[in-house]
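Before any questions on how it binds or moves, here is one chain, the form predicted alone, in structure tokens.
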């Protein structure tokens, strides 16, 4: 199992007038190989939750085991962060070094690897995110396009060779083409980094790419669902401040017009409509 969360509770500013419970008894498991979505309203506890996964926030109450490392005990931060890569919203703002190669190689360098291993990891990570290593390695990351900068920032995390990749709104601020490119890139990355955890407000992305989805509300876990299970629960979707993905919304309209359609993804919607069409014309 990749991440095991049990009774996780976190309080900001305890014992002060500003005390706020951000997480309240959260329990669930992320399995190896999951493409795991975390959704909920702004302020529901999503970012606080994932910040625990690589030690950015220290465990307060409950237990948390990440890639076999028990965070309730003393542990090696360096080992944890080599196993769990964190990509923040607008990761291009994390770039800082004078060349792309140096920026991507910063994490491996901190692991104490040899110069040859650092260079190899940087090259492989840059190519993994779809950039031309020879063309880009000596350029300043700040001279790149926004999309290229985001890929370089992602490469810097992948150069650590994490087993689990955590992403906070990976497509935020991108146009539709850019969003699709990033999501397809994540599918390719999953071959190298098998477990991906993604916060997103884009329900079309969540329904199309995630196999399991955790819903948070007011710091509490409302449940973990498959896309179909979640988007069949209209009251929960509304309570969590979510919108139906477009295929599920179209399905709802068709059901209201007497067609037996149920779909949470484009493929499911197409297959369901073709099945009804075939039955009517048989």
Partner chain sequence: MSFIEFDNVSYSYSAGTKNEVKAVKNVSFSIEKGELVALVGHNGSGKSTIAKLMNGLLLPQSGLVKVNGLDTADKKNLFDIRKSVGIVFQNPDNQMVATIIEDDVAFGPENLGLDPKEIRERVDFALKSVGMYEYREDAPFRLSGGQKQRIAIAGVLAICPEAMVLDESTSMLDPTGKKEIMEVVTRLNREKGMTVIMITHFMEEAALCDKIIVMNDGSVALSGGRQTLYDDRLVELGLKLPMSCSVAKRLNKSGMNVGEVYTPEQLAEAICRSL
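Between two forms, the rigid core is the largest collection of C-alphas that superpose within 1.5 Å. Model, not experiment: these values are computed from the prediction. Positions refer to the first chain, counted from 1.
Missing here is the form predicted together with the partner chain; even so, the following discussion is about that form.
Enquirer: At 4.5 Å between heavy atoms, only one of the stretches 121-129, 187-195, 67-75, 201-209 reaches the partner chain in the model of the complex; which one is it?
Expert: The contacting stretch here is 201-209.
Enquirer: Name the residue from 63, 243, 226, 29 that puts a heavy atom within 4.5 Å of the partner chain in the model of the complex.
Expert: Here the answer is residue option 243.
Enquirer: In the model of the complex, does each residue in the set 18, 172 and 266 place a non-hydrogen atom within 4.5 angstroms of the partner chain?
Expert: Yes, the whole trio is in contact, each within 4.5 Å by some heavy atom.
Enquirer: Please determine whether residue 59 contacts the partner chain in the model of the complex, using a 4.5 Å cut-off between heavy atoms.
Expert: Output for residue 59 is no: heavy atoms all beyond 4.5 Å of the partner chain.
Enquirer: May I ask you to check whether residue 4 falls inside a 4.5 Å heavy atom distance of the partner chain in the model of the complex?
Expert: So residue 4 does not count as contacting the partner chain.
Enquirer: Contact with the partner chain in the model of the complex for residue 273, defined as at least one heavy atom pair within 4.5 Å: yes or no?
Expert: Yes, residue 273 lies within 4.5 Å of the partner chain in the model of the complex.
Enquirer: Against the partner chain in the model of the complex, would residue 220 count as a contact residue? Criterion: heavy atoms within 4.5 Å.
Expert: Looking in the model of the complex, residue contacts with the partner chain do not include residue 220, since no heavy atom lies within 4.5 Å.
Enquirer: Would you mind checking 123-145 for residues with a heavy atom within 4.5 Å of the partner chain in the model of the complex?
Expert: Residue within 4.5 Å: 143 only.
Enquirer: Using a rigid core alignment, state whether the CA of residue 22 is displaced by 2 Å or more between this form and the one not shown.
Expert: Where the cores coincide, residue 22 shows only a C-alpha shift between this form and the one not shown that is less than 2 Å.
Enquirer: Just checking, between this form and the one not shown and with the core aligned, does residue 254 shift 2 Å or more at the CA?
Expert: Yes; that C-alpha moves by at least 2 Å between this form and the one not shown.
Enquirer: Does residue 9 count as moved between this form and the one not shown, where moved means a C-alpha shift of 2 angstroms or more after fitting the rigid core?
Expert: No.
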